[in-house]
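A lone chain, given as structure tokens: the form predicted on its own.
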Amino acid sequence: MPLSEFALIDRYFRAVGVRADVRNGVGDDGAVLVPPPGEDLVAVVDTLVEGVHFPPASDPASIGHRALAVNLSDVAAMGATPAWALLALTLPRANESWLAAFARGFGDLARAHDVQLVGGDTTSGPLSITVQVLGFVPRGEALLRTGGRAGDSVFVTGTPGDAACGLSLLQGRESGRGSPPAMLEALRRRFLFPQPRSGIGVQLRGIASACIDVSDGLAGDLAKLAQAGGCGAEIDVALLPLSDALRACAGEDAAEQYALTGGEDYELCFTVPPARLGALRGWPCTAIGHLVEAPGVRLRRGHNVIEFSHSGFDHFGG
């Protein structure tokens, strides 16, 4: 017998996460939630579409993980703590083995970040997943894109470019010939199972002047952050934190391109005024440049300017 919509929800999604601030969750017309006193509510939403955000026939556990991770990354970029999620799942058919793996990937990440699934919707159609995450941040302390000023240092967490190279490996556009298999697998996993920087986002409150998550390419997302603050940015490509796996797979020049223009990293790019730089000592982040008064993003290697025109991924950019 085909699985009904209500049986599907009950079997796979009713018990994803448990929080005391949920008065009523999955199974009603709406969720009843209790925001903490003195906190601002932060809401983010993202949609993943098969063939656009992940290759057809992708591991459903990865799809579930990524559908939540991309939203957790947005919450992290706001300096907020995630709390509740809603899931709208469009499926070609109710395949139970697919659903079990998807729910496992989604649920494992939700529980790791203390997030409860409190509602959503299921429908039939081409595979598409929309997730909304709600979180909170102390009143007036949310990180925004608009706070950066000329003279602020630009930082990025982790090693950008790994996920884009991992996707190229999965799609056969990058061979990785001669690279250690363990390194290639690490790059694939950076795309399949990105790890949102939730803890760092919270710690950046009161330190960062502006913040954005790196989903459409480091250079392009930095351009958005700089423009929001009414300034531009300079990046020294010699300072880019490239992983050994990325260098081994792609070579130095291509590794730099992956780091600058590849999406799907879900690292954080943020700016810090000179007076607060000491607070970052020992953090897993790298200074790669600074904000400047002139608009746009410029690349240099030492004192030499590098020609660069790619602005990052744009769904409607042609």
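Everything numeric in this text was worked out from a predicted model, so none of it was measured. Throughout, we count residues from 1 along the sequence that is shown.
Another form, the form predicted together with a further copy of the same chain, is not on view; read the next lines as being about it.
- Across the options 141-149, 163-171, 180-188, 96-104, residues that bring heavy atoms within 4.5 Å of a further copy of the same chain in the model of the complex belong to 141-149.
- With the partner removed from view, the residue among Gln116, Ser153, Thr159, Thr130 that has a non-hydrogen atom within 4.5 Å of a further copy of the same chain in the model of the complex turns out to be Thr130.
- The partner is absent here, but in the model of the complex a heavy atom of Met78, alone among Ala233, Leu109, Ala208, Met78, sits within 4.5 Å of a further copy of the same chain.
- Contact with a further copy of the same chain in the model of the complex, defined as a heavy atom within 4.5 Å, is made by none of Asp59, Ser175 and Asp244.
- a further copy of the same chain in the model of the complex comes within 4.5 Å of a heavy atom belonging to Val52.
- Among residues of the shown chain, Gly27 is one whose heavy atoms approach a further copy of the same chain to within 4.5 Å in the model of the complex.
- Taking non-hydrogen atoms only, Leu240 never approaches a further copy of the same chain to within 4.5 angstroms in the model of the complex.
- A residue is said to contact a partner when one of its heavy atoms sits within 4.5 Å of a partner heavy atom; Leu134 meets this definition for a further copy of the same chain in the model of the complex.
- Contact annotation for 27-66: residues with any non-hydrogen atom within 4.5 angstroms of a further copy of the same chain in the model of the complex are Gly27, Asp28, Asp29, Gly30, Ala31, Val32, Leu33, Val34, Pro35, Glu39, Asp40, Leu41, Val42, Ala43, Val44, Val45, Asp46, Thr47, Val49, Val52, His53, listed in sequence order.
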